[in-house]
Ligand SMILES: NC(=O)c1ccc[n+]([C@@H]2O[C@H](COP(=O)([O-])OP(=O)(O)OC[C@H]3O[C@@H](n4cnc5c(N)ncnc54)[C@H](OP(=O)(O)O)[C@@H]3O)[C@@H](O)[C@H]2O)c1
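Next up: a single chain in structure tokens, the form predicted on its own.
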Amino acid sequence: MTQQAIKTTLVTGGSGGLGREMAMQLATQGHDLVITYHSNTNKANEVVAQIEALGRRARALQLDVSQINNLASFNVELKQTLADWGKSGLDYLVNNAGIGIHAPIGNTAEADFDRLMNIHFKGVYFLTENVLLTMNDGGGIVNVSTGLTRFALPGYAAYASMKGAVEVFTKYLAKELGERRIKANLVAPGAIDNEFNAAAFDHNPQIREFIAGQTALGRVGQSTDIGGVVAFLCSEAGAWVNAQRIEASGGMFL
């Protein structure tokens, strides 16, 4: 297989949690990977080494997705990486990077609201806009949403609202990019027992039992439950799936 035939995917926030599992599943499927990380260089390099151990190319690029003024320099690094690998462009983009802030509507600080907005919606919007200049026709975009746009749990109004905006944005991406045969879909995880939710779970140890009891498959989700869904959407098997929201929650709150 030529280097051009091997698909190349960018996964934001690929140094840990869901992003790491997405990157590993994509590498297993035969993709070369560019991952972004916010600040933990060591973790990012570990993921790169694990991908390379599978026989795939990988590179970690630092990016704070909330700082859109940095996107021009990031694009230079991304294009240089693709050129180093003999690639004409990127095939898939996975917008995964994110944070979680828990606060009731009456107690949401404006700074926290702005941080969620800048990372989960503004960052996704403008990173996608920039990366589209480097994407090959016929590829795809996967945006990560949340089960909290379908069901409501107190304390997640701001976070879920940003993800709701991303869900609308994804439909418009699918519509406007159809002429380039670029697909756009959503993966909406349910509650996942990983570092992203560690603070909430540790603060209330009973939450795991509660979630398991409200999930049809009888357990809390793991990061490994999500990577394969993303890999499917970035494959020929998922080529006819477009503008869809796929919830991977094990059947929460049915």
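In this text, residue numbers run from 1 along the sequence as written. Source: prediction; values computed, not measured.
We do not show the form predicted in complex with the ligand, though everything after this point is about it.
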**Q.** Any non-hydrogen atom of A97 within 4.5 angstroms of the ligand in the model of the complex
**A.** yes
Q. In the model of the complex, does S39 have a heavy atom within 4.5 Å of the ligand?
A. yes
Q.
Given that the ligand is not shown alongside this chain, does D32 nevertheless sit within 4.5 Å of it in the model of the complex, heavy atom to heavy atom?
A. no
Q) Is the gap between D225 and the ligand in the model of the complex 4.5 Å or less for some heavy atom pair? A) no
Q.
Considering non-hydrogen atoms and a 4.5 Å limit, which listed residue (I119, A160, V131, A103) is close to the ligand in the model of the complex?
A. I119
Q: Could you check which residue among A191, A60, L186, A27 gets a heavy atom within 4.5 Å of the ligand in the model of the complex?
A: A191
Q) Want to guess which of 138-146, 104-112, 68-76, 164-172 is within 4.5 Å of the ligand in the model of the complex, heavy atoms only? A) 138-146
Q. Heavy atom within 4.5 Å of the ligand in the model of the complex: which residues of 7-25 qualify?
A. G13, G14, S15, G16, G17, L18, G19
